[in-house]
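Form predicted alone, single chain, as C-alpha cells, below.
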Amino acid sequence: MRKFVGFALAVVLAVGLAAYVTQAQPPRSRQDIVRARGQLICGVDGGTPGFSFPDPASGRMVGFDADFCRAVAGFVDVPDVEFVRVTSATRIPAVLAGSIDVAFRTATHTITRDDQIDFGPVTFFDGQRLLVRTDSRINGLDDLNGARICVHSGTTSERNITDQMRQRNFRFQLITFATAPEAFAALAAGRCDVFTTDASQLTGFRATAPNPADFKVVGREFSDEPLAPIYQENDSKWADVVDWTVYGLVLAEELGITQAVARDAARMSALTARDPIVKNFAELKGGAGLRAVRSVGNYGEVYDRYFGPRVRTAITRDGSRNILAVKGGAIASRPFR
C-alpha cells in the first residue's frame, strides 16, 4: 500500500512539475516562427498608390509600405516575403490571429488601437484633407454643410470627418466604402461631393487618375496621422526586429549609406574603418541593419522611389515632418551601440 501511495504521489508530482514547466515556458517569438518558415508574411493594402500596389509590368507588389516589408525580411534574414492584402477592418484581426507577422498598412498610431496591438516607429507623418473635383466650390471643411462625403470605413478618417461635421452642426451624408479605391471611384462617378482621407493617399489617387487635372486636394490638414507598422503585443524579440529595421533605414540615410554603398564591400570597409558609428551599424545584430539597407535602400531612397519629385505620386518632403530629425523633421533613429 505504501509503495502504491508513493508511486501515486510521484506521478502527481511529475505531472504537476511538467505542467509547471510547460506553463513557465515563454511563448515562441514571432522572430523564431518567421525564421523557421523562411518567409515573412506581411500585411499591406495593395491598392494605395505610393504605399502598396502591384507593379503594372510585373505584378510584383511595390510601394513605400511594401519596401518596409522587404526591409524587415532582410533584417531577420529570410529570403522571401508573402504579401497579404488586408483592409482597415481586417488588419488588426489578422495581426491578432497571427495570420500575418506584421502589417505596414497606413495605420495611424492611436491609444485605442494600442490597447489591442503594438506599434513600431512612425514611418510616415500624415494628416487628413479633402479631395474634390476641380470645378467644385468646396475649398475646406467650412464648405461641407449638406455635402455627400465619401470615406473609407473603419478608419480614423471616418471618425475625424464625422467629428468635424458634428462640431460645426452641419448636415451631411456619410457614404462609406470597404476600400479607399472604391471611395475614390465614387467621387469620380459623382456619387459624392468630396472624398476624405490622409493627404498622401489623396495625392496618390489624384496622380493616378486618367486625368489628374479633374481633381484637386483642398483645405488644411485637420488631423494628425502618424503612420506606423503593427504587430502582436508582448513579443519584445519581434518588436525589436520591426523597430530596429525602421531605425536602421533612417540611420543609414543619416550616415549616407545608400543601397549601392551597402552592397559594396570595399566602400563599406572604408567607412567602417574611419567611422565607429558606421562600424556599429554594420556589425551589431550580425549586420541586420545593413542587410535591410541592401534589400531596399535607406529611408530617403525608399521615400524618393515612391514620393520623390520624379514620380507621379510626388509628395514634397522638404519642410514636412518626414525629413530627418537632424535636419529639423521628425523622422529619427535610435543609437546603434
Partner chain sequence: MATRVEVLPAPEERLSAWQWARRNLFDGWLNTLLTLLTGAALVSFVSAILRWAARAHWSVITDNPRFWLMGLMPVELAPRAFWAGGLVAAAALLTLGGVRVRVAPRVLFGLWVGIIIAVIWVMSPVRLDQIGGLYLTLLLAVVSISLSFPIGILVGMGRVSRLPAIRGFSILYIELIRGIPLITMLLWFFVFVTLLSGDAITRVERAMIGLTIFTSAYVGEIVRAGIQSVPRGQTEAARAVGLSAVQTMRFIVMPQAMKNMIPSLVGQFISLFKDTSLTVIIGLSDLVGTGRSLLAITRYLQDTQEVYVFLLIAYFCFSYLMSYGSRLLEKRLGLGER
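Everything numeric in this text was worked out from a predicted model, so none of it was measured. Numbering follows the first chain given and starts at 1.
Here the subject shifts to the form predicted together with its partner chain, a form of this protein not shown in this document.
- None of 284, 268, 277, 33 but one reaches within 4.5 angstroms of its partner chain in the predicted complex through a heavy atom, and that residue is 33.
- Comment: its partner chain is not present in this chain, but in the predicted complex one of 78, 84, 255, 218 has a heavy atom within 4.5 Å of it, namely 84.
- Residue contact with its partner chain in the predicted complex: residue 182 places a heavy atom within 4.5 Å of it.
- Residue contact with its partner chain in the predicted complex: residue 49 places a heavy atom within 4.5 Å of it.
- At least one heavy atom of residue 39 is located within 4.5 Å of its partner chain in the predicted complex.
- In the predicted complex, its partner chain sits within 4.5 Å of a heavy atom belonging to residue 205.
- Taken together, the three residues 61, 188 and 210 all lie with some non-hydrogen atom within 4.5 angstroms of its partner chain in the predicted complex.
- With the partner left out here, its partner chain still marks one of 256-264, 92-100, 69-77, 237-245 in the predicted complex; by a 4.5 Å heavy atom cut-off that stretch is 92-100.
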